[in-house]
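What follows is one chain in structure tokens, specifically the form predicted alone.
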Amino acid sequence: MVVEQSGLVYRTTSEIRGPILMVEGVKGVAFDEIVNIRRPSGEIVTGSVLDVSRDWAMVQCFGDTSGMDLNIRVRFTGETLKVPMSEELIGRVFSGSFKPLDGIPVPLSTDLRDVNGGIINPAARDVPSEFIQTGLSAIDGMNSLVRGQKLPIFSESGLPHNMMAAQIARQATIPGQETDFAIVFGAMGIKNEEADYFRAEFEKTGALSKSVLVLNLADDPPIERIVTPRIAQTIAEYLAFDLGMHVLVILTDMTNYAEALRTISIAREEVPTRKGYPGYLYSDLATIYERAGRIQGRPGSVTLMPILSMPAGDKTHPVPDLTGYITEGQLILERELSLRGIYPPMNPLPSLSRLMKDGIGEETTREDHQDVSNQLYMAYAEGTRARGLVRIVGEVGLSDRERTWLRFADRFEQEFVNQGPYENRSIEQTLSIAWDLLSILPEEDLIRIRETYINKYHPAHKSDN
């Protein structure tokens, strides 16, 4: 053991298993401590302490371990991972270990923040109450996103959730306050072509000028996938609570994060629980999700939209199941809608935004918004029920009223839910489309909308106003 100014250096590595190093005879080492590993070539690779015991430490290497031998120098820094905070982070692209991917050095700053920040104290939380416009009618019209909310997207492999994530990141605005809105985009375990797609989309649309991208690739070490969302949340907290910005954080894909957590849990020889995930999966996800919100007395906010892919569309899988308990709703993407050419393939019926009622209405969107949303839910549910009857008795067996519901459901999917990946609808356009669709139905069936709103907004009465 050699004592140097910047920490203790050990040459007691007993085993190297892929990215995992076992270092013997260590003293005073802490969990999550950052480690510098010197290759035989002199190159320094960063690592993190996964597990510690009385006289050994398990280290996960952030880089490639090929070419390393047991005589390598491992320096324990005594520090956890910290990243420099600066307004210059906006417009930048980083790796999952916070290395620049855009050819520009890391901003110089003396304000270093631990990525393992704490969750917001419930007593200090402010109630989310302001509308965020994503430009997607299925979200804005029926499952509205509110400042400070945690609203996940539940998807499946092969569905266009990445395209949807990029569109939300491009289009998300706070009506009337567009200048103080920022995007923090964290991607975990994505392919190289997906990373290229995100960067190209942000650059060509100009969204990068208000965004920070943290991209972890599928061939990067699993430990990076654990760090990536924490770096993203740390940046978001700085922009929101220090600079007063309203920040939207998009994290994709949280299932890849959970898989990395399971891999590390297996390496630590922990007792697995459901589907092999560690027993602390719920609390671990909460340490990420609960960092979003609003703080009393602070002007900024952090709104979170995590995206996760459900294996075989299973909503009871541990990751979506536990995510649903922590967050305030869910947006459900379905393969059946995607196969019919609907984009985004989001089914509003099982989707839910629990805070929608707090962010819409006369002061933020429009007075008729809630009633219109309720009526759309009812009408679409009746239409899907009629569609199920068609499979049994055929369309000729339907009543005239059921055929009307069926026609509404078809047009609702094609005209309201379906829209182009570069089509950005205002909330006024969304409500206008909704009223045009509701005009298909007899007025006596519009039982969820107050008569004053029908007289004011129904296309049949507009000429009278």
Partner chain sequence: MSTIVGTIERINGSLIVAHFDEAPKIGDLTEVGDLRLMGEIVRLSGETAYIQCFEATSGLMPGEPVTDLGVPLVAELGPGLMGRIVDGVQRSETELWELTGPFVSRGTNIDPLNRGAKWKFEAKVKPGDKVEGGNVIGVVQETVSFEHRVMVPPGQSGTIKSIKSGEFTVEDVIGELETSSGVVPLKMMQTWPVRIPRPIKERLPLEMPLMTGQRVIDTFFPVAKGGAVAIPGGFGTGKTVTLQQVAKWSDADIIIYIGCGERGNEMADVVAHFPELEDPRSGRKLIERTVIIANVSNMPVSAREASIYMGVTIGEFYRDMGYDVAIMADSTSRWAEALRDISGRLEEIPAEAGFPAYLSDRIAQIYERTGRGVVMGEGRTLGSLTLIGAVSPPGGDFSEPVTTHTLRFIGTFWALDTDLAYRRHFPAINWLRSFTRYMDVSARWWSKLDPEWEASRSQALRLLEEASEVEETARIIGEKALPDEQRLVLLLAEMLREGFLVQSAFHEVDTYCEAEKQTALLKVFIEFYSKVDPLVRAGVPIEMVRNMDVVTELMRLKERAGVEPIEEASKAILAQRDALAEEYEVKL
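Numbering follows the first chain given and starts at 1. Everything quoted here is computed from the prediction, not taken from an experiment.
Beyond the structure shown, there is the form predicted in complex with the partner chain, which is absent from this document and is the topic of what follows.
Only one of Thr316, Asn192, Thr110, Asn71 comes within 4.5 Å of the partner chain in the predicted bound form through a heavy atom, and that residue is Thr316. For the options Val45, Ile433, Leu398, Ile440, the residue carrying a heavy atom within 4.5 angstroms of the partner chain in the predicted bound form is Leu398. Although the partner is absent from the chain shown here, none of Asp64, Tyr197 and Pro459 has a heavy atom within 4.5 Å of the partner chain in the predicted bound form.
Look at 205-213, 244-252, 95-103, 282-290: in the predicted bound form, residues with non-hydrogen atoms within 4.5 angstroms of the partner chain sit in 282-290. Contact between Gly186 and the partner chain in the predicted bound form is not found at the 4.5 Å heavy atom cutoff.
Although the partner is absent from this view, Phe154 contacts the partner chain in the predicted bound form, with a non-hydrogen atom inside 4.5 angstroms.
Contact check for Arg262: every heavy atom lies farther than 4.5 Å from the partner chain in the predicted bound form. In the predicted bound form, the partner chain sits within 4.5 Å of a heavy atom belonging to Leu446. Shown without its partner, the chain has Leu50, Asp51, Val52, Ser53, Arg54, Trp56 in segment 45-67 as residues with a non-hydrogen atom within 4.5 angstroms of the partner chain in the predicted bound form.
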